[in-house]
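Presented as structure tokens, the chain that follows is alone, the form predicted on its own.
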Amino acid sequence: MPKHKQAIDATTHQKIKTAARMVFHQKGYAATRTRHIAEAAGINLALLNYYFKSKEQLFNLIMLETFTELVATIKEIVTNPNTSLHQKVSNLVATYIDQLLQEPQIPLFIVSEIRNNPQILVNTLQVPNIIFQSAFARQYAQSVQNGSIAPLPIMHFLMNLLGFTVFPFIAQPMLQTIGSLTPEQFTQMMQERKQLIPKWVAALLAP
């Protein structure tokens, strides 16, 4: 195959994946049609079907890539033995807010699709192992044991951290309406939460 043809194929393949990521994140699996993806990619449906044989095949690829990116972020932070527990919290909050400001549809996409396939977190991505066998989990348990933080079960802690960080993106349309916030004002508030959430977490964990 000529090199020029290979370059065109690679470009088209990536264009389809980029469009599919946007459409699936916005609509979810059930509401998405392959024609929506073809339209977003600026190609005809026959060409999309040439590269990807089914909506399910393309969705599985996008879902796995989306989850893998998020899990890679978690893993890098929670397994770092050279940062303190509170530094890990600050790093998780800042990193996830930055990611979700870039792609604010991800939380709803994850919540929706995890309901349909919760085992992806266990069987494919090994999320429980990453979290509960990490430096973060060991530091948390040690801090509870020596009394430097309150004896809050780690699952309650994780729920609170996710609520502080992720819920505003899930509720963004409602929050913008209630607070008469422009998208720019919402973004500014989320930037402010990078500093606020670690303070709230520290107060929550105070012995």
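Owing to the predicted nature of the structure, the values given are computational and were not obtained by experimental measurement. Start at 1 with the first residue shown and count on from there.
There is another form of this protein, the form predicted together with another copy of the chain, and it is not shown here; the text below is about that form.
Heavy atoms within 4.5 Å of another copy of the chain in the predicted bound form map, among the stretches 141 to 149, 43 to 51, 175 to 183, 58 to 66, onto 175 to 183 alone. Another copy of the chain is not shown here, but in the predicted bound form it comes within 4.5 Å of a heavy atom of residue 119. In the predicted bound form, none of the heavy atoms of residue 81 sits within 4.5 Å of a heavy atom of another copy of the chain. The closest non-hydrogen atom of residue 17 lies beyond 4.5 Å of another copy of the chain in the predicted bound form. Contact annotation: residue 35 falls outside 4.5 Å of another copy of the chain in the predicted bound form, judged by heavy atom distances. Proximity to another copy of the chain in the predicted bound form, taken as a non-hydrogen atom within 4.5 angstroms, holds for one residue of 94, 101, 110, 137, which is 110. Residues are counted as partner-facing when one of their heavy atoms sits within 4.5 Å of another copy of the chain in the predicted bound form; in 183 to 207 these are 186, 189, 192, 193, 196, 200, 203, 204, in sequence order.
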